[in-house]
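Read the single chain below, which is given as structure tokens and is the form predicted on its own.
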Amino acid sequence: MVVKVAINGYGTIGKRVADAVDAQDDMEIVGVTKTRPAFGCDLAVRKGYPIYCTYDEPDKINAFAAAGYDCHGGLSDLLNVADIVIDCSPGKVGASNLAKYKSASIKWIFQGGEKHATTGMSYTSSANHSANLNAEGTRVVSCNTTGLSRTLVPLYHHCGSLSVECTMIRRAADPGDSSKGPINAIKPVLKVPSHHGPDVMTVKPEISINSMAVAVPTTIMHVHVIVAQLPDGHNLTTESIIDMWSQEPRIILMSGAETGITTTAEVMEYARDIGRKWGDLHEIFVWRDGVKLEGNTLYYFQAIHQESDVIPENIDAIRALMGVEDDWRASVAKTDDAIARYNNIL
């Protein structure tokens, strides 16, 4: 079975999801949407992805032809030729599309900028792949929730319970976004607790977690400062936790002292050095020498590339919703191998 995938919103996330879909041998891109003719259309043309308009109004569709682009129709036309749509619209915009997807009898995946209540289902591969099997639709949780899930879910499975406090040191904007700040300030998120940690409980409600967040003047990555309380009798050590994470997919562990990679700038330089497309890092980066277990209290740092860690999760979510792979580890292995080979080819 080859799943026909539509991408509604061909921007920072959408263009990355489209290439990840294109890498898979069990999926194909049937179209991507843009709100208007823009430079992103040129990228879609080079990739061979059919362009559709986000809207169904004839004047907005015709604007693409006037600008020299072959537009295949509006969103409704795209939904008619797809099995599933990945909504990569800006946050809080995608929810208005839900009725359209349901009317088209198409499966749908939203991103973490939408609320869990919009979909009633959320997804990360390691936490709840099986719960999403054959579902009508879901939401791939945010980059921060994805990152927290990757390290906390294995801990929970070992310990049986977990209580977590997390401080999110957040980038102020994506690299290509010139409309946001802060420019020369540190901005606390005054809604306490922030939504980032509790969002983990939409995919793993058994983990008790709260978070606070601070935005800082960087565009590169987020950093999580995590303090986790393990139950009595956990039988873990600092070294065994590091070994546990080393066996999990989509986690990179490195020693800052040994590698010289001690900042987020160096983490992203590492991603570029190993040839990752767009300099992306799908994995969560954990500093080995920043992990310390003292009694029942675990301390560690991890870095999150906000533009890319959710990309492979979207691919696994497609397989869950379409019911084509019920083993999350098998899906992850297939997804990651295909993306790696695709990037080498390109």
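Note that the coordinates shown come from a computational prediction; the quantities given were computed from them, not determined experimentally. For every residue, the number given is its place in the sequence shown, counted from 1.
There is another form of the same protein, the form predicted in complex with nicotinamide-adenine-dinucleotide; it is not shown, and what comes next is about it.
inquiry  = I'd like to check something about H282: if you look in the model of the complex, is any of its heavy atoms closer than or equal to 4.5 Å to a heavy atom of nicotinamide-adenine-dinucleotide?
reply    = Result no; H282 lies far from nicotinamide-adenine-dinucleotide in the model of the complex.
Are any of the heavy atoms in R171 no more than 4.5 Å from a heavy atom of nicotinamide-adenine-dinucleotide in the model of the complex? Yes - in the model of the complex, heavy atoms of R171 and nicotinamide-adenine-dinucleotide come within 4.5 Å of each other.
With heavy atoms only and a cut-off of 4.5 Å, decide whether G137 touches nicotinamide-adenine-dinucleotide in the model of the complex.
-> Close contact is absent here: in the model of the complex, G137 is far from nicotinamide-adenine-dinucleotide, nothing within 4.5 Å, heavy atoms only.
- Message: With the partner left out here, check for me: in the model of the complex, does some heavy atom of V93 sit within 4.5 Å of nicotinamide-adenine-dinucleotide?
- Response: Because a heavy atom of V93 falls inside 4.5 Å of nicotinamide-adenine-dinucleotide in the model of the complex, the answer is yes.
Looking at 63-71, 289-297, 303-311, 273-281, which one sits within 4.5 Å of nicotinamide-adenine-dinucleotide in the model of the complex if you count heavy atoms only? Within 4.5 Å of the partner lies stretch 303-311.
- [ ] Name the residue from T119, N97, T151, S126 that puts a heavy atom within 4.5 Å of nicotinamide-adenine-dinucleotide in the model of the complex.
- [x] It is N97.
- Message: Can you work out which of L78, M221, C88, V85 has a heavy atom no more than 4.5 Å from nicotinamide-adenine-dinucleotide in the model of the complex?
- Response: Result of the distance check: C88.
>> Check for me whether nicotinamide-adenine-dinucleotide, as it appears in the model of the complex, comes within 4.5 angstroms of all of G9, T54 and C143 - heavy atoms only.
In response: Yes.
Practice task
Any residue of 93-130 with a heavy atom within 4.5 Å of nicotinamide-adenine-dinucleotide in the model of the complex counts; write them all down in order.
Solution key: Read in sequence order, the residues that approach nicotinamide-adenine-dinucleotide (within 4.5 Å, in the model of the complex) are V93, N97, Q111, G112, G113, E114.
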